[in-house]
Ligand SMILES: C[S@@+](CC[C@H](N)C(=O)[O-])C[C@H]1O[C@@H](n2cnc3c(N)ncnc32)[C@H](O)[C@@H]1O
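What follows is a single chain, given as structure tokens, in the form predicted on its own.
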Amino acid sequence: MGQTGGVTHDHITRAGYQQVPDEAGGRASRTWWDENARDYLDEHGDFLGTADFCWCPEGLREGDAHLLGPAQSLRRSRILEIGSGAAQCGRWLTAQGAQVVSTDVSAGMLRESRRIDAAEGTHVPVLQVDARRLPFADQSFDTAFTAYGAIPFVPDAAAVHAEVARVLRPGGRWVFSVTHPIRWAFPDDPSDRGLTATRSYFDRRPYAERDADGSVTYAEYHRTVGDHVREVVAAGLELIDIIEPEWPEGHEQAWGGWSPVRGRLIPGTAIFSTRRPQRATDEDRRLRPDR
């Protein structure tokens, strides 16, 4: 979940906010998650559970928030999970009666999902998929979502939104959580040192890491609130709400740069709730004149 989620990166010779080639940045994220899937789950697995739907390090659960709709609406709904990791959210939705397909670009994360299924006696269909090129027919899902997946790790998130809009039925929801954009102005430090802004909110250079050869080994992309909204609208989606979960009382567990110290003063997560319009737009009619 965002800005490396607290996992230590080995063999880094250069790290920070820097320009990286788009192709190298997108490729690095897939490789990094392949190599660090097990370490990530070792560190955060207890918090995430194996069949629980957690939106963010603040601990907001779908069972309480109902951002995908009322519980009864999930039954028999066709739901697409983007950037699923080990499919903890998809497993929870399956238990609610939904028909879920969980997708991730990382083969390592999908192996962890299958390992959990084998241990738990569960089954969630998983596919290795680049979210910018979804292998699904138009209007084939009622709902799509991602909890910190895909969007931060590609240079062209607009392509993800466009593909999700294509595969959603009219009226279908697309909900995604990301690191709150304001956090990028502050150091990724869970202590009070992380409460002093040290860089411009408008500096859109990604956070990237390089190895001794200068190759990009990790890249995470910053977008402002306005950037996210414009990309959603450009995909033909309607913005319903932006949720900024507050840090709950009694939650003392830090997650990377997320912590009670910072969470009680500045937001750490933004959740964008959108939907495909019920009526076809002019752009829809231009692209699909036979419909």
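Position 1 is the first residue in the sequence shown; the rest follow in order. No experiment lies behind these values; they were computed from the predicted model shown.
From this point on, the text means the form predicted together with the ligand, which you will not see here.
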Query raised in the report: Any idea which of 71-79, 165-173, 131-139, 193-201 reaches within 4.5 Å of the ligand in the model of the complex, heavy atoms considered?
Result: 131-139
Requested in this report: Tell me, out of A150, V126, L93, A208, which residue has a non-hydrogen atom within 4.5 angstroms of the ligand in the model of the complex.
Outcome: A150
Query raised in the report: Which residue among A98, V178, V101, V154 has a heavy atom within 4.5 angstroms of the ligand in the model of the complex?
Result: V154
**Report entry** Contact of I116 with the ligand in the model of the complex (heavy atom, 4.5 Å)
**Finding:** no
Report task. Consider V216 of the chain shown here, and say whether it contacts the ligand in the model of the complex, taking contact as heavy atoms within 4.5 Å. Result -> no
Query raised in the report: Closest heavy atom of M109 to the ligand in the model of the complex, within 4.5 Å or not?
Result: yes
Query raised in the report: With a 4.5 Å heavy atom cut-off, would you call Y40 a contact of the ligand in the model of the complex?
Result: yes
